[in-house]
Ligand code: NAD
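Just the one chain here, laid out as structure tokens, in the form predicted on its own.
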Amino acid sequence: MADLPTHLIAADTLRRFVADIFTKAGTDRAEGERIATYLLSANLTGHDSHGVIRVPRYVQVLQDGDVLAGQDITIVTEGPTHAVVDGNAGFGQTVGPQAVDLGIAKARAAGMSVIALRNTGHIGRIGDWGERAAAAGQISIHFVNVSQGELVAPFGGVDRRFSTNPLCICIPQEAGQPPLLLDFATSVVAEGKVLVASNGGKPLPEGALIGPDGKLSTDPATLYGPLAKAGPRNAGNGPGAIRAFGEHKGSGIAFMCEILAGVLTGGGTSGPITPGTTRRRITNGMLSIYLDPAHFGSRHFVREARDYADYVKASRPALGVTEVLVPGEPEARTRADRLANGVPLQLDTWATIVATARSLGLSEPN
């Protein structure tokens, strides 16, 4: 299939433009820059579903009061190796780093820590938090859910029961080398990839969605309902659901994310949502585990992890495959390419961002 038309924009130009939008929308400059940096990071690593396509939604929830500017985490309870923290409905790009840094500090002191973060706005690409821990020399594991965010049908069902519930595991590497990073939604696609497809981006894989009649679909309208060109997308308007990946395996991981990131954190699960009631603010929960290799008697952990990664990569490629990759390599290569050559955005995606900017009195960059 031919490449779809895109708007190509330099990474730094895009970052400044997005920072301007959020500053104009009501954040202070530092928070606007931070939100822009993390959204851009998702695009740079090829996770466009969690990137600047989110700008119109983020501005809308800020204006609606469903996410709050300028928030800090509040520690609900803590001990030497754990803490429960509340994000106070702040931007995930602000309270997320605060929670991660708390986990890093506790793991450095005690060898390990568990941080239960609840009540935070969309926390973005989870790989960013794994990479933040890896830069500090820490192993990290993250389980995520979305309170009141039902999107995904369980294996064998058609009704929404889960959110897309990412799982992330990140392993540090030597300075200057990208970490070993596993970061994926437990659904066939993240909701943001359905959003990208609805804006003229990469089509969905076969069977990514399921209708209430049990028929499989690739049509974003299954999730969003009738689609207006460059218009808002509301997953609550569609009759169908995203499917869990890997049949019972992905569905089982998604279920456990709800228990760990929703129930254990105290932030709440994706449902049930009582019919006829007003939906509460949609928030993320994240249960994170941090491990300091220095406390586990492995003096050469990073080198041995790299040696094993190289051994895996040395496997002879299968027919039609040019190279065996390890987790994190596709993201690192995409980042290098897009930093050098610009960030491609679907035309409808760019149009909605520009429309949001203009509604705030800003012009698109030259």
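What you are looking at is a predicted structure, and each value in this text was computed from that prediction instead of being measured. Residues carry their position along the shown sequence, with the first being 1.
One more form of this protein exists, namely the form predicted in complex with nicotinamide-adenine-dinucleotide; it is left out here, but the text below deals with it.
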So which of I171, I73, A185, A153 gets a non-hydrogen atom within 4.5 Å of nicotinamide-adenine-dinucleotide in the predicted bound form?
-> A185
Assert contact residue (nicotinamide-adenine-dinucleotide, in the predicted bound form, non-hydrogen atom within 4.5 Å, options R57, H47, R338, R34) equals H47
Interface segment, criterion being heavy atoms within 4.5 Å of nicotinamide-adenine-dinucleotide in the predicted bound form, picked from 187 to 195, 82 to 90, 233 to 241, 107 to 115 | 187 to 195
Verify the contact flag for A133: yes if a non-hydrogen atom of it lies within 4.5 Å of a non-hydrogen atom of nicotinamide-adenine-dinucleotide in the predicted bound form, no if not.
-> no
Flag P330 as yes or no: does it have a non-hydrogen atom within 4.5 angstroms of any non-hydrogen atom of nicotinamide-adenine-dinucleotide in the predicted bound form?
-> yes
Even though nicotinamide-adenine-dinucleotide is not shown here, does S288 get within 4.5 Å of it in the predicted bound form, heavy atoms only?
-> no
Is there a non-hydrogen atom of S270 within 4.5 angstroms of a non-hydrogen atom of nicotinamide-adenine-dinucleotide in the predicted bound form?
-> no
In the predicted bound form, residues of 6 to 35 near nicotinamide-adenine-dinucleotide [heavy atom within 4.5 Å] | none
